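Given as structure tokens, the chain that follows is alone and in the form predicted alone.
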Amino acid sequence: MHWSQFTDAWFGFFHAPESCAPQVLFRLMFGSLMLLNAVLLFPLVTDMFGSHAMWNIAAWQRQQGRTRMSLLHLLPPTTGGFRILLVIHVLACVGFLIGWQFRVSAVVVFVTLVSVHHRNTFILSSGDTVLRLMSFLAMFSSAGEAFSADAAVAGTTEFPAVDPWPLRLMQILISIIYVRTVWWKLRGKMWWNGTAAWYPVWVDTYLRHRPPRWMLRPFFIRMATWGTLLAELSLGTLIWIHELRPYIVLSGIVMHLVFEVVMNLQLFGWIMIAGLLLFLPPESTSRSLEWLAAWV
């Protein structure tokens, strides 16, 4: 391959204009999840983030000082100060969701989310990590260019073609998550011998609905174990083949919905589904959103 062919492929992949429809659809679902995640934090304020929490503000300040970026350093070191931060975060999530001053809202969402997470890192999960990473990349996206308050003010009713490099970075991130998941799972012998799917259904802390007994037989456990590996590997690799993409995305959505029924993984599965929406074909996505807009 000549260098010019490589550069053409590179710029074609990252910068060839493409409809912003997948990013808009991502904004609608991801913004809803961000807002829901923020609302779910309110009942935890006193016990997890307040002045007299299990890891109180004074202990947090002594241990971390100003080594972690947080707006809490600018607010009163009280439970009320954290509530102010959370209210700002909720308002920014609403702006992100409806696409009002989208760029500003996305920046505020990321900064306030990081501030909340840095206040108590002991209660975070992998889903919170994905939230932070995706909210950072969303700041640079064109997710507010259509089907938004900003577009309504500008009188825009179509999905403009935009530079897709933020979309590509978010797609690559989702792909890396699945590839690394398979990599780490294959380091455990239970994934090789097909027994790994047996153990989560007996951990009551994470269990939502235990499958019927006939599904817990060795044959189905092996199929569930190896099927999960195959699905996640496909989501990290084969999803880049355009002809296979719709089927791979559908398999990923089904997989996460099954996980959601069986296990209590908080919002992780829904966050990953939002990420998979970024891989949908722009043409069909725009038609679906136009139909939704007309119906609304």
Partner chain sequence: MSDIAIVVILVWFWCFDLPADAPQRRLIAYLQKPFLYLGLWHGWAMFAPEPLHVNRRLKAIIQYADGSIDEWRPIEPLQTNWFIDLLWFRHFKFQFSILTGSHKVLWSPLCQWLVRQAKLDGLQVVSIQLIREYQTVNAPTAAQPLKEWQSSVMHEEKFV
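What you are looking at is a predicted structure, and each value in this text was computed from that prediction instead of being measured. Positions refer to the first chain, counted from 1.
The following text describes the form predicted in complex with the partner chain, which does not appear among the structures shown.
Participant: Check residue 234 for me: does it contact the partner chain in the model of the complex (non-hydrogen atoms, 4.5 angstroms)?
Facilitator: Output for residue 234 is no: heavy atoms all beyond 4.5 Å of the partner chain.
Participant: For residue 15, is any heavy atom within 4.5 Å of the partner chain in the model of the complex, or not?
Facilitator: Contact check for residue 15: yes, within 4.5 Å of the partner chain in the model of the complex.
Participant: Taking the partner chain as it sits in the model of the complex, is residue 153 near enough to touch it, meaning that at least one heavy atom pair lies within 4.5 angstroms?
Facilitator: Outside the cut-off, so no.
Participant: Heavy atom to heavy atom, is residue 56 within 4.5 Å of the partner chain in the model of the complex?
Facilitator: Yes - in the model of the complex, heavy atoms of residue 56 and the partner chain come within 4.5 Å of each other.
Participant: Let me know the one among 29, 41, 238, 254 whose heavy atoms come within 4.5 Å of the partner chain in the model of the complex, would you?
Facilitator: Only one listed residue qualifies here, and that residue is 41.
Participant: Would you mind picking the one in 215, 107, 91, 172 that has a heavy atom within 4.5 Å of the partner chain in the model of the complex?
Facilitator: Selected option: 172.
Participant: So, a 4.5 angstroms cut-off on heavy atom distances: do all three of 77, 82 and 100 pass it with respect to the partner chain in the model of the complex?
Facilitator: Zero of three within 4.5 Å in the model of the complex.
Participant: Looking at 198 to 206, 154 to 162, 141 to 149, 92 to 100, which stretch has residues with any non-hydrogen atom within 4.5 Å of the partner chain in the model of the complex?
Facilitator: Heavy atoms within 4.5 Å of the partner chain in the model of the complex occur in 198 to 206.
Participant: Considering only 112 to 144, what residues come within 4.5 Å of the partner chain in the model of the complex, judged by heavy atoms?
Facilitator: Stretch hits, in order: 114, 118, 120, 121, 122, 123, 124, 125, 126, 128, 129, 130, 132, 133, 136, 137.
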